[in-house]
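One chain comes next, on its own, written as structure tokens: the form predicted on its own.
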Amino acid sequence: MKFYFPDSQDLISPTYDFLHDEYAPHRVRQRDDRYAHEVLETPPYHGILVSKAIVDGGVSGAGKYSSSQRARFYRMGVRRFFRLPDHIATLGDNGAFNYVGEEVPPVTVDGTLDFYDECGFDAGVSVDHVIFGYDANATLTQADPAWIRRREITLDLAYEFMKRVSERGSHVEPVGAAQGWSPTSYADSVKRLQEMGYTRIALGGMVPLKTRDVLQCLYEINEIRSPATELHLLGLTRVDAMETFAQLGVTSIDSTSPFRQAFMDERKNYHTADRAFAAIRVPQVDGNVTLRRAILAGDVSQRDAIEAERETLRALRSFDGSPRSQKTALDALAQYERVNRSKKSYLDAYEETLTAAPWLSCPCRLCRTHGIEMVIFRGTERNKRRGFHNLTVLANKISKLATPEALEQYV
């Protein structure tokens, strides 16, 4: 099983000063910042997935790239831009979520293939149109007309994509996009893509589905899947079901979930092999919008907030695993919550995090280098480092699942 990390310009600055919370004055974003594969001893993914919409923007707005970054991406190509080692693969797609509200995709097959070819991608997904809806009992003809129309558009574009790849003599490996609303419709999409000549097929629109629904689709697909056909799950990571996914022909996945959970989830921020821990929130008095508003409104004393913030950071950085240092840290966190008039307390979760102190035993380079800063929920540099760490945990789980011994039980 291979894992692709979807790019969204997520980098960290190796020169960031954690004590003063500031960047080096000479830092240039992207050029000086580093991707996960550059700061960890072993890249936590097998490949990078880049959406055309992220680079170029689309109907829903500008992409994640500045104009200069976009120009450099096209000039240098995907491999040089990301400074990728040879063994990391590249996969392009359109970013169909960007135009999900449109009746038809506002992109062309040739425009998409231009993007893949000019930027030197190893493989590229055909243009698709996401179907938002699932009904396991709907047939190929008795279903929401919009679903039927979007699936046919996706298949027509896949046919055109394969044809243009051949006519151009493109070196990009074509990956057919399959959309559906039921096991039967997904299986039929895969069947028709195989008839077009695709041996690698990406299944889209499955992110909202429950794992049992995904498995039902894969079982149905497996009935018609050629042994040579490899499946990719777009945007889907379900570690508990991954071994079964592999048995059913899934050879690759992509997801930002473990990375985003580092700062988007309420409590499951720092991952380990067995569970996830809450990161310890120490918001910056000067950088936190909510806190700043409370100070301006006179609800919170700025002096008290700054003093409590500094004391909390001192207590956490002095934490040595002893009960005494843990109590000091929790007392400081409780005081900071009181000063900030926090609507919700996380002290119970913080106590679990400090008791386990998982960063002390983590072998990843980031945890060894930054220590307790990795579990402090505060600013993008700490939060993204924690996201990179979470990717290493997922990579380790995938590597164990991918061993022949792990799959033999299904043979």
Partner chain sequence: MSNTEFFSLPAVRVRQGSQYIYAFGVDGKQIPRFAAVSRVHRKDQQLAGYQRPEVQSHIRAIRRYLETDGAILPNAIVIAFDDRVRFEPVDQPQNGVDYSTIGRLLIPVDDSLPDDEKPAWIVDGQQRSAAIRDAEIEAFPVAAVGFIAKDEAEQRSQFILVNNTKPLPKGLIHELLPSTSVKLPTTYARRRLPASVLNLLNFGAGGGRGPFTGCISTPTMASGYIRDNSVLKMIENSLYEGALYQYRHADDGTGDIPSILLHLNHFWGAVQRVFPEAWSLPPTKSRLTHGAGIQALGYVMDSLTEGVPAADLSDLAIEETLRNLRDECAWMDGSWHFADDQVRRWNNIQNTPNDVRLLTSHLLNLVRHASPVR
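Numbering follows the first chain given and starts at 1. No experiment lies behind these values; they were computed from the predicted model shown.
Beyond the structure shown, there is the form predicted in complex with its partner chain, which is absent from this document and is the topic of what follows.
Checking Met76, Ala276, Ala146, Met162 against its partner chain in the predicted complex, a heavy atom within 4.5 Å turns up for just one residue: Met76. For the candidate set Asn288, Gln302, Thr237, Thr328, a heavy atom within 4.5 Å of its partner chain in the predicted complex is found for exactly one residue, namely Gln302. Heavy atoms of Arg27 reach within 4.5 Å of its partner chain in the predicted complex, making it an interface residue. Contact annotation for Asp32: at least one heavy atom lies within 4.5 Å of its partner chain in the predicted complex. Using a 4.5 angstroms limit between non-hydrogen atoms, Gln69 touches its partner chain in the predicted complex.
By the criterion of a heavy atom within 4.5 Å, Leu248 is excluded from the residues contacting its partner chain in the predicted complex. The candidate stretches are 336-344, 200-208, 305-313, 319-327, and the one lying within 4.5 Å of its partner chain in the predicted complex by heavy atoms is 305-313. The candidate site formed by Asp86, Met196 and His370 is entirely out of contact with its partner chain in the predicted complex, as no residue has a non-hydrogen atom within 4.5 angstroms of it. Taking its partner chain as it sits in the predicted complex, the stretch 3-27 comes within 4.5 angstroms of it through a non-hydrogen atom at Asp17, His20, Asp21, Glu22, Pro25, His26, Arg27.
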